[in-house]
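Coming up, as structure tokens: structure 1 and structure 2, two forms of one and the same protein chain.
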Structure 1
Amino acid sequence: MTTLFYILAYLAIAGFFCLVFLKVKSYLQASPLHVRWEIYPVPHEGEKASYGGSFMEEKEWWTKPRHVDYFGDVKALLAEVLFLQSTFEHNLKLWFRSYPFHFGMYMLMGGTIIVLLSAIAQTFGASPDDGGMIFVGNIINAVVLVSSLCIIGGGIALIHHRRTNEGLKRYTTPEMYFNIGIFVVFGFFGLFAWIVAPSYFVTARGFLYNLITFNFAPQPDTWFALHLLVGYFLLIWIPLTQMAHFFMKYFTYHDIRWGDEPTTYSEKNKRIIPNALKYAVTWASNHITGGAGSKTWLEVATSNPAAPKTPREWNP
């Protein structure tokens, strides 16, 4: 049973990275070329972003080399990931519930990285009882307590908000409640492990040390083992559900919102556009003369929607 416990850990870690890779790969292969949103400011515009400007405001911009401020994108991404900036600006009530939940997970992920580094240091001869390890252990124990309380409190608050807010309630599925609830259970098991174990850091470091040295020693703490088992499940479950937004959001939101590379500068887009123009247009409007897949985007792009329609062309 002890060996199986460690094998599940290896499978969960490997499965997580494989599923993430497959998720991103399948999305990139299936998604067509995006239509630009034309929403400004775009962070990588550099100084122009401060007033919502664009490189297209320059005279004959298509004849000049294009400069992209990638640091601006990184800053905007960090503000969104670390502080949920958009939620704070547009839905403060939700932010007060969502941010503790996310902050708790950020703390737990950061703490896990530190514990892993401590376990690696131990494999290279660092003493588990030296002053540096003890100091790190005190920090991690505090982090686990705060992160567990944040995940539990934030998760319960999110579930309550979704059940009582009419706008969210109608769009919340049972799976969404389960996704938040399983994190709450994960937080409770972590909190109980913190309470029962003499030192959560020592227990976690010992497990990771055993994991990287293939020393399948029994787990001394039942609550910590339950905490890990739920963690194994989450590693596999997250990429399969909407919780994958934590790594897919860049592709499904930021890349679309800020993807403003003109065809002039993109050989890739030049190859994609001829195929995209062959797609059928399944809708119609005053400015789009498509409908029911009767025309391709090439036909739409080369026709005049204001031209008088014959009875055959009319799509009510």
Structure 2
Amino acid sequence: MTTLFYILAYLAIAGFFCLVFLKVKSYLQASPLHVRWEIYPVPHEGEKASYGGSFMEEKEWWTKPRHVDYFGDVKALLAEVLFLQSTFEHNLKLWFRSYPFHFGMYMLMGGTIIVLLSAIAQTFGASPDDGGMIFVGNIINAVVLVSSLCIIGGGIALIHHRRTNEGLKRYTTPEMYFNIGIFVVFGFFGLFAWIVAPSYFVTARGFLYNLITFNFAPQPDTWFALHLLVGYFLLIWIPLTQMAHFFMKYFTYHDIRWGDEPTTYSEKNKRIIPNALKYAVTWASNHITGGAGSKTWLEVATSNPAAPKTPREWNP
């Protein structure tokens, strides 16, 4: 049973990374190149970003070198991820509920990384009882308490808001209640583990130490074990649901909303476009294939359904 508990941990971690990989791969393989579909403001536009301006405000912009302010992108993404800026600006009532919930998760994720580093340090001979470790332990114990309360409080508030707001209620599916609810359960188990354990940090570090050293020692704390089991489930479940937005947001922001790179500056895109035009189109409407087989995008774009005898010659 103890071994199974550890095997589940390995499977959950591996499963999480595999599912994230598959999601990202699926996004990247959906198309060799999509159209530009940016929305301003685009934060990498430097000074222009402050009012939503773009390089297209410049006379003959294609004759000038392209400037991309990557720091602007990072700053905007951090503001969005760390503070849920869009929700704050456009849906404040929801933000008051959603932010504690997300903040709790961020703290827990950050705490997990620190505990993992502590466990790694222990494998390299760091004493579990030295001052530095105790100091880190005190911080982690505080972080876990606050984060558990944030997840529980934020989660319950979110469920309540979705139950009582008529607009949200119509759109909230059973799965969405389940998703928030399972986080609340996760938070409660974490809180109980924190209460019963002399030091949550020591318990968590011990588990991670065992995990990385393949020492399948029994898990002494039932609440902590339940907390972990729910955590394993979440690692697999998150990438399978709309909660995968936490990593797919990188693409919806960077690649779509801010994806304004003109073909002028992209040798790669210049190569892709003619190849993409070779895809076979099977749209059945009269002005495309008329239901008769397929044509390439090139054939479609160079034909004129209204005056078929006079398309302009085009032989790329």
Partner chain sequence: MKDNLQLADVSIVEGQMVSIDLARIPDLSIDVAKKPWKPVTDEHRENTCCILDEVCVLNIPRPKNRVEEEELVNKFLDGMRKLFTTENNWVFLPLLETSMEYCVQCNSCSNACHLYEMSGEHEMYRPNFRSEIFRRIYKQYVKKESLAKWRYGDMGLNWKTVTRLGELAYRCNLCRRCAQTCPIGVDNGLLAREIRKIFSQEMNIHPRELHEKGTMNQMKVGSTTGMTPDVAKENVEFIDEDYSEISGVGIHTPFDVHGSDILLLHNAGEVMAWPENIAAFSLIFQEAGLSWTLSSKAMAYDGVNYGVFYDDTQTARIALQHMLAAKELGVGKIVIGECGHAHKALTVIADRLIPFEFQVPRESCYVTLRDIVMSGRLKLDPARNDFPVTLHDPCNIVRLMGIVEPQREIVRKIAPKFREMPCKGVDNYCCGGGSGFAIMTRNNIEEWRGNITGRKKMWQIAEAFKDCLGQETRKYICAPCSNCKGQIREILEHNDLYAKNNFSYGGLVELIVNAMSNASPGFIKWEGEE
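Just so we're on the same page, residue numbers count up from 1 along structure 1's sequence. In this text, rigid core is short for the largest set of C-alphas that superpose within 1.5 Å between two forms. Quick caveat, the model's predicted, so the values are computed rather than measured.
- Between the two chain copies, the one drawn from the form predicted in complex with the partner chain is structure 2.
- Relative to the superposed rigid core, the position of the CA of residue 270 differs between structures 1 and 2 by 2 Å or more.
- Once the rigid core is used as the reference frame, the Cα position of residue 247 differs between structures 1 and 2 by less than 2 Å.
- Once the rigid core is used as the reference frame, the Cα position of residue 280 differs between structures 1 and 2 by 2 Å or more.
- Comparing between structures 1 and 2 on a rigid core frame, one finds that residue 299 has its C-alpha moved by 9.1 Å.
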